[in-house]
Each structure stands twice: as C-alpha cells, then as structure tokens.
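One chain comes next, on its own, written out as structure tokens in the form predicted alone.
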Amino acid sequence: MADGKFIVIEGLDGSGKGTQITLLENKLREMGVSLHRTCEPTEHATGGLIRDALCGMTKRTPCELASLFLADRISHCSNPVSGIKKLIENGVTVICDRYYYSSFAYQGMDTDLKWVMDQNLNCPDILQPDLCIFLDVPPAECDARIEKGRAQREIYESGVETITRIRDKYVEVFSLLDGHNIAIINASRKPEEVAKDVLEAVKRIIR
C-alpha cells in the first residue's frame, strides 16, 4: 500500500481555510482518495489549554504557547492509533488546518523565531508536510471578514496592524524554509476560483 500524503492549509485568520478545506476534501473524495481531515490545535488536552489561551480565558506568554503547540503537535503526529504518521502509513491522505508554520508566524512574532523553528523542525516525532498551501488574503480584507463573521475575536485577531504583522512573519518564515513545498495562492477571489488553484497544487503530489 502506498503511503498517503500530508497536506497543510495555512492562512491568516479570515482567509477562508475552512471553506477551502471542505471544497478540497469533496473533490479528493470524488477522485477516490482516502482522506482524514484534522486541525491544530487538536481536541487533545493540550489543544484545550491552547484554545483557552487563544480566546483570552487564560494568559500565556508566547513561549508558553509555542511549547503547548509543540506538545500538542507531537501527540498529533505520533499517536499510535490516530496520529498523522499512522494514518499516512496506512495510505490515508491527511489534510490539516494549520501546522507548525502557524507557530512560526504567530508565536515567532513575539519571541525568538529561531527557537520556535528549531524545536519543531528538529523534533524526530514531528513530520514535514508534503505540501503547504498558504491562502494569501490582504490583512484589511481578513479583518473585515473577521468582523463580519465572529461574535468575539481571539487574541491574534485584534485588528489590521496585528494581522499585518502576522502576514509579514509568514513571508519571512517561508523565505527561511529550504526544501519545503509551499504554494502561495491568492485567496481574495471567489471561493471556486481559489479552490481550482488549490486542487491543481494538490494534484502535483497526488498521482
């Protein structure tokens, strides 16, 4: 049995990740691809601690958050029953909403970026994705989408200035990642137009 593929969808808050993952999932299932959809933070205990911090319920430093994400990610990858590594070995293609690229951009914005990158990239239990798709939307447009679609903002959704800083950090991070397959897609268009480009990028790794 051939191994599955590991695909990560990244983007700013309000970039349309959920919509594009659903559209991609539907297309790949039509093609007969065995799929598992997941996200970070996970539903594990560490993921709950992270969500409490993101919504502002619990105060965490950027280093604390980066470390919690690291622990959550290790479990996400290496769980012997439902981990990403096990699924891929069983021929299942995994689509993940956010991965370590988010840690680099969000926590790396306010603490030592090299430290955040090193602890993830050098961890033997954390997998490198076969493809990362970054849905690129102007920060002002993301902010407007958040305002329209959220009853309450999370700590990294505090306004255009913060969202712009995050996008700038993503750009920096991508420039540092040699050997990573990263596709940057203009996601400020109609969802079906974006979905077409997302599918084309995925087809390059799925035969």
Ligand code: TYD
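Throughout, we count residues from 1 along the sequence that is shown. Computed from a prediction, not measured in an experiment: that's the story for all the values here.
One more form of this protein, predicted together with thymidine-5'-diphosphate, exists but is not displayed; see below.
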With the partner omitted here, the residue among 180, 37, 153, 51 that in the predicted complex has a heavy atom within 4.5 Å of thymidine-5'-diphosphate is 51
Which pick from 97, 125, 112, 89 sits with a heavy atom within 4.5 Å of thymidine-5'-diphosphate in the predicted complex?
97
Exactly one listed stretch (56-64, 154-162, 22-30, 137-145) reaches within 4.5 angstroms of thymidine-5'-diphosphate in the predicted complex by non-hydrogen atoms, and it is 154-162
Against thymidine-5'-diphosphate in the predicted complex, would residue 93 count as a contact residue? Criterion: heavy atoms within 4.5 Å.
no
Using the arrangement in the predicted complex, list in sequence order the residues of 17-50 with any heavy atom within 4.5 angstroms of thymidine-5'-diphosphate.
17, 40, 41
